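Encoded as structure tokens, the following chain is the form predicted on its own, with no partner shown.
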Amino acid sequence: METWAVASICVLLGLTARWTVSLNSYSGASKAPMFGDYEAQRHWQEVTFNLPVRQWYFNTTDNDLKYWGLDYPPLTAFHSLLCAHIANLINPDWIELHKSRGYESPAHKFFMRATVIFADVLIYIPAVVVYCLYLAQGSSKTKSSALLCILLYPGLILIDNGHFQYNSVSLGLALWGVLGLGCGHDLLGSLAFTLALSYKQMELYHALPFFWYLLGKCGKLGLTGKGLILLVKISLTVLVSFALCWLPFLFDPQQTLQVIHRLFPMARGLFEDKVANVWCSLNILVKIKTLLSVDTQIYLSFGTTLLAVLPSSIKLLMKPTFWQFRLALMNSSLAFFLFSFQVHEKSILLAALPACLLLNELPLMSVWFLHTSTFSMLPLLLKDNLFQPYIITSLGFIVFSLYLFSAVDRSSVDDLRLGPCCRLTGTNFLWFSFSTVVKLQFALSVLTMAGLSFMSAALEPPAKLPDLFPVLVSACACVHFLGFLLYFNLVQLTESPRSDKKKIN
């Protein structure tokens, strides 16, 4: 009973933080002609409510795709339609076709904010609570600490409630998928992840670990016996789930192709905004977008992404344990963010979810990564006038996390699970010197990010370098992410985890 009381307090604090951020200005407020992501979500409600399904993804006189055209999978569209029906009951002006463009009012703002909070309460927060209380390792205090830190993670709070998105839906469904696999309910886990992928295509970042874990598990059970039966059941579950989500668009091949075309806009090129991935950072020195054709950029990103995720995938296939699965989620999502095609700043949230799941086992590196992920989105947050919420939530998160987990003190070779790697390579660290170096690196990293944050907000860039600060933020975060990718791969590839007691069912 005491555990649930603490969990309830954590949830209340998480909801309070979300609602407090939502009271600030939102993405694109009063900024014609596009009005930001807030307007994008409202416009999708307008389109899905007023137009037949066959027109949702097509450019027509009533659906200008250049004005926030739908570019997420069908489950997002159905979610928008559901919200639209509720909005229509309250005030039809909110979603009136054409005339509601750029609609702004206190009542509508409250409604839209409430839809995000409701999605958190319905899907994301329950999944976090169940994971922390039943699957996370450690004492009740450690589990409660993980719960509080995950719910106070600034990145998701600022993007969903400030920039205005529904990432908590896809991330929550993906987490329910993780819970399903962790509890041995593979069919339910497959169903939940299929729904996540049908809500946002970026869940492909997590798809390979789900695939290799389940395939490896079936292989361990024997592909001529129980393993084959399980594989057939999982395949049918995924196919039926996809078919139901995509049903209105499957009867006409043109509809299916158009939805896919909208989900994967290859013509846009390798990247658009200043993103903390390899291509955007490398472009500072070598103008990749100018030198290479779009087709070459696609092949390059596909090849490098595949190479980056391959070691993690092979290890998971060979050893499909829940610990390996969680590490593979981290490595796969981070590899996709760093190397794949058309990455958005917000996509780092896909890597933040697995980092949250590793807080108990790898507190320092997880907290460090989560703090960096929020920092990497700073240029986007500044556009939305979210600097003050960014500073407050980031400072609160890192202080709470470091204190609750004693994370800085847990920086030895064994704490970071680099012992097997050191033994394999013959590297010999003195405990004191290694821990001290890690602490100094962490302190220098946090101070650098703090300095760049305040410079970005307070200083005017040189006239000849108007994008100086966004570029510095992106490049700095990219260097961090490359280091994290190397670290988490080393942990996964070299360690036989002592904490993962789960067996193949």
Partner chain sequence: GVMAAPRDGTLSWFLALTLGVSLIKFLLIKAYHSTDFEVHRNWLAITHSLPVSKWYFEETSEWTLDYPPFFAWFEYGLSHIAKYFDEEMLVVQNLTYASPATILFQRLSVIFTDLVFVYAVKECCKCVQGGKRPRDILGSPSFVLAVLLLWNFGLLIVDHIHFQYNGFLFGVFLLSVARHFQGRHLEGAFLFAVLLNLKHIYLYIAPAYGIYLLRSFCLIQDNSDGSLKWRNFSFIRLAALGIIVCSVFALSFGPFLALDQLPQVLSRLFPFKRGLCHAYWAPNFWALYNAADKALSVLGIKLKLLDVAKLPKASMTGGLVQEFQHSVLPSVSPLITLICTLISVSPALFSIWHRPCGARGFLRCCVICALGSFLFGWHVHEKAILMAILPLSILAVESKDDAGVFLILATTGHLSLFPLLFTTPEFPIKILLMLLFTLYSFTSLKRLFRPECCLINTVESVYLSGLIPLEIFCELIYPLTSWQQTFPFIPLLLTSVYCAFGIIYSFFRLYGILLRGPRYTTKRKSH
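Numbering follows the first chain given and starts at 1. No experiment lies behind these values; they were computed from the predicted model shown.
Separately, the form predicted in complex with its partner chain exists; it is not shown, and the next lines address it.
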Among the candidates 392, 244, 204, 298, the residue which, in the model of the complex, approaches its partner chain to within 4.5 Å (heavy atoms)
392
Counting any non-hydrogen atom inside 4.5 Å, which residue from 139, 235, 388, 254 sits next to its partner chain in the model of the complex?
388
In the model of the complex, does residue 399 come within 4.5 Å of its partner chain, counting heavy atoms only?
yes
Although the partner isn't part of this model, could you tell me whether residue 13 comes within 4.5 Å of its partner chain in the model of the complex, counting any heavy atom of the residue?
yes
Is residue 404 one of the residues lying within 4.5 Å of its partner chain in the model of the complex, judged by heavy atom distances?
yes
Exercise: residue 486 in contact with its partner chain in the model of the complex, heavy atom 4.5 Å
no
Within 4.5 angstroms, counting heavy atoms, which one of the listed stretches 405-413, 352-360, 84-92, 162-170 is next to its partner chain in the model of the complex?
405-413
